[in-house]
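Presented as structure tokens, the chain that follows is alone, the form predicted alone.
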Amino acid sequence: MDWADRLKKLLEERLKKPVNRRTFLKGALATGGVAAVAKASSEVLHPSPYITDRYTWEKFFQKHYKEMTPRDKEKVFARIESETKKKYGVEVKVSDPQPIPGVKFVYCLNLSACNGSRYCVKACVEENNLSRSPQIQYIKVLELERGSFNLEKSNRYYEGESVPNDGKFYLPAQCMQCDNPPCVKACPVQATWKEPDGIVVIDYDWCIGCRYCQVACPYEARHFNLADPEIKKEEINPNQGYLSNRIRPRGVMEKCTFCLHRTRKGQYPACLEACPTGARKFGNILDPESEVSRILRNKKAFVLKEELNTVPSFFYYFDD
């Protein structure tokens, strides 16, 4: 058995309980040695054939986001900015806005107003530097028959420039930012967690691409980068957040973050600003005077798959 096989076996054993890369390294070093780990680390962390250059030695030893000091973050952000400039030829700025004390973000969506235009999808792709090829979209818009609410019979690939179509209504879905997120529980290396403002985030440099979280999510809200993201130079959004819309490398999971690089600075999510009908509402549920608080007090709001007890922070409602 060669070093790669031995290290893979070790990782499989350790994935039976939550681990981090240091725990893994400790066992790997006891098994072999520094040279063996250096040679096999990328393959061990990414057994997928799509991954060949995910980790440099520096990235492999990078601390978890929660463990980084401000100085550590400065170094990591500078490295990401340099790598982006080298790969895409664009100057970007990576920021790290923190949760606002006393704020718990929720989304409300008026299904009576949504017209299925998918402008929200386009805005999300542009704002969050989503890959155009292979295509990744955080928001899917489902077309349903009026009078029916069978999501399994919905059409997410409807066509036509003239919407809404007769006899149809539309239900956009994205990450629900659950208060009881099964995706977080499924992650074997604690690369994803829920922030104090309610947003579930991913440390892309810590993610090992195992896709357990994708399987655990009942909303199909997590997406895996099978290849290097393809984005034209002129289409890259240079205002990037470490935990949100920086360009993700291949081999990691990604998802909607309620545009935290915007919302933590007092702006609305890009999808809301693009909505032509005002169907989308966003705000702080802890503020009793906020629009979302008034909606949840006065409307018959509901969440998707309530029976799963994921406790979503994304609500739907109809006009009375």
Partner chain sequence: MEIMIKIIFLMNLVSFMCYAQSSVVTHSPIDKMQFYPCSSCHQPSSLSAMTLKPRTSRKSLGIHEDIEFKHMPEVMDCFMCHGHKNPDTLVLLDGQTIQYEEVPLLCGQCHGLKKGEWDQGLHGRLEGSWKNQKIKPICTDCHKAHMPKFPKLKAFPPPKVPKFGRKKGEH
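Since we're looking at a predicted model, the values are computed, not measured. Residue numbers count along the first chain shown, from 1.
Below, we turn to the form predicted together with the partner chain, even though it does not appear here.
J.: Is there any non-hydrogen atom of Ile231 lying within 4.5 Å of the partner chain in the predicted bound form?
T.: It does not: once the partner chain is placed as it appears in the predicted bound form, Ile231 has no heavy atom within 4.5 Å of it.
J.: Is there a heavy atom of Phe315 no more than 4.5 Å from a heavy atom of the partner chain in the predicted bound form?
T.: Judged by the heavy-atom cut-off of 4.5 Å, Phe315 is well away from the partner chain in the predicted bound form.
J.: Glu91: heavy atom within 4.5 Å of the partner chain in the predicted bound form?
T.: Glu91 lies outside the contact set for the partner chain.
J.: At the 4.5 Å heavy atom threshold, is Arg294 in contact with the partner chain in the predicted bound form?
T.: The answer is yes: Arg294 has a heavy atom within 4.5 Å of the partner chain.
J.: Does the partner chain come within 4.5 Å of a heavy atom in each of Pro181, Pro249 and Thr310 in the predicted bound form?
T.: Verified in the predicted bound form; spot residues all out of contact, no.
J.: Looking at 74 to 82, 206 to 214, 235 to 243, 151 to 159, which one sits within 4.5 Å of the partner chain in the predicted bound form if you count heavy atoms only?
T.: After filtering at 4.5 Å, what remains is 151 to 159.
J.: Pick from Phe224, Trp193, Phe169, Tyr219: which residue has any heavy atom within 4.5 angstroms of the partner chain in the predicted bound form?
T.: Only one option qualifies, and that one is Tyr219.
J.: Name the residue from Val125, Val103, Val189, Ala186 that puts a heavy atom within 4.5 Å of the partner chain in the predicted bound form.
T.: Among Val125, Val103, Val189, Ala186, a heavy atom within 4.5 Å of the partner chain in the predicted bound form occurs only for Val103.
J.: Across 98 to 121, which residues bring a heavy atom to within 4.5 Å of the partner chain in the predicted bound form?
T.: Those in contact are Ile100, Val103, Phe105, Asn115, Gly116, Ser117, Arg118, Tyr119.
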